[in-house]
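Only one chain is given next, in structure tokens, and it is the form predicted alone.
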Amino acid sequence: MATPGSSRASLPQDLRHEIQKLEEQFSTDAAKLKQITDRFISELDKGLSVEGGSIPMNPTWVMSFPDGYETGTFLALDMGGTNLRVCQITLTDQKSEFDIIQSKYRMPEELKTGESDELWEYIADCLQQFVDSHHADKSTIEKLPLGFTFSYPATQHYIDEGVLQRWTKGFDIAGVEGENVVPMLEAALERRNVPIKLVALINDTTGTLIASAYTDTSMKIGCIFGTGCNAAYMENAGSIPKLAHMNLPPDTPMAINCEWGAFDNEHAVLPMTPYDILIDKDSPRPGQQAFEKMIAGLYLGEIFRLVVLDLHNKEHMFLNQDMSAFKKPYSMDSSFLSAIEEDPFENLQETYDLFNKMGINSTNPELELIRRLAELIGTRAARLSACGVAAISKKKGYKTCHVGADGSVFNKYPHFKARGAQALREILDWPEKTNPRQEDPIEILAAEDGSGVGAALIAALTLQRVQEGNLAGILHLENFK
């Protein structure tokens, strides 16, 4: 078996030239980041206007931050891209404390493009299993309040409804877009006689914001950097022209689910490479989710695959090798890039082994290019993601705050946090730190469990405000009695 470096000792001219070209294509300097951030602010404003814009800026009817003294037992259902999670959360008498019991169910791939009924029956079945195992005698329990984390762009005129705008994360089920998903789930629960009442439909990002604020009052923004990407923050009703007809007091808080994966769908400012253009063209929804396609975990491996395949086809690397492993779209996710970036730099043996398993024998120069490419794609994603955080912070005038972030890319991708923090520093012109341990003015921190605890908290906050007489955005009052 060959080992890295056995074939060529130094970087050949053509590979060095290709690396330079990739560096030019994937690099984003401070001036570009500032330009993107300014455009981002205007797009956020446009999304709140009556006319709307690319970024939906969906009002969520979550109308307060928690104070840490919420109590009660709630169910949370989290329908993500890969798993279905059911939690029972008890908010205790201790400030900002909770107990959680949870089960995880794999989301079968065939459901993602199957029939609508099959999806809701499967979800109701998982909920039934969970309730049966934790509440043996169902006849004695009242209907359990449920917070449903539905992490797809949805229009909410009420907190207990959600009209799906479009599927994301690989879902494409006919007959659901443009429809309210709540009756679909409720009908499936009804058929099984499961004792559950849905009181809040939430987005995981809004849940992340609320769960993080439950334990840290400095939290002002919630973000997801995972399979997809998104952010939520608390706006004032007076700054949301499209809600003017509700006649809410101008200082009324309203959490906004930005759905910022759709930023710059017009391709006006994002630094798109030929590979980004190809991903968009071949995606199920060309022209949508432009920002997401450059920074989210679902796409990072695909960008990498396309570049490597292109360089092979142009005879710059992996000559006379079997590239069949690289022919299948979306066969590499962000964890593939993570593994390359985490490889100890000196010999890149782990990267060599990774490619060897796919039947590809790599030379040392090829390994160096692979490593550099992974760094460029990962760095660009982190730097672009900081533009969204900077845009909300500037729009709201936050000079200092905490941002709660969750998702596989934020939590697991090497150097993502540090690269994002450096980009924020450049965009917002912070002075260099005198003490390396000093906190940044705006610090992006690991969030609390948004889709579980966040959903339960939002259910609690909603029940609480209804009891206090705030009925704004409530469709089914009978579920709140």
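Numbering starts at 1 and runs along the sequence shown. Quantities reported herein were computed from a predicted structural model and do not represent experimental measurements.
There is another form of the same protein, the form predicted together with a small molecule; it is not shown, and what comes next is about it.
Pro145: heavy atom within 4.5 Å of the small molecule in the model of the complex? It does not: once the small molecule is placed as it appears in the model of the complex, Pro145 has no heavy atom within 4.5 Å of it.
Given that the small molecule is not shown alongside this chain, does Ser212 nevertheless sit within 4.5 Å of it in the model of the complex, heavy atom to heavy atom? Output for Ser212 is no: heavy atoms all beyond 4.5 Å of the small molecule.
Test of understanding: in the model of the complex, would Ser362 fall inside 4.5 Å of the small molecule by heavy atoms? No, Ser362 sits far enough from the small molecule in the model of the complex that none of its heavy atoms falls within 4.5 Å.
I'd like to know whether Trp120 contacts the small molecule in the model of the complex, with contact meaning heavy atoms within 4.5 angstroms. Contact check for Trp120: no, nothing within 4.5 Å of the small molecule in the model of the complex.
Of Asn180, Gln156, Thr273, Thr168, which residue is found within 4.5 angstroms of the small molecule in the model of the complex when only non-hydrogen atoms are counted? After the contact test, the surviving option is Thr168.
Among Phe410, Phe355, Tyr152, Phe130, which has any heavy atom within 4.5 Å of the small molecule in the model of the complex? In short, Tyr152.
Want to guess which of 336-344, 198-206, 108-116, 246-254 is within 4.5 Å of the small molecule in the model of the complex, heavy atoms only? Stretch with heavy atoms near the partner: 198-206.
Suppose contact means a heavy atom within 4.5 Å; in the model of the complex, does that hold for all of Thr351, Glu366 and Glu368 with the small molecule? So, no: the whole triplet misses the small molecule.
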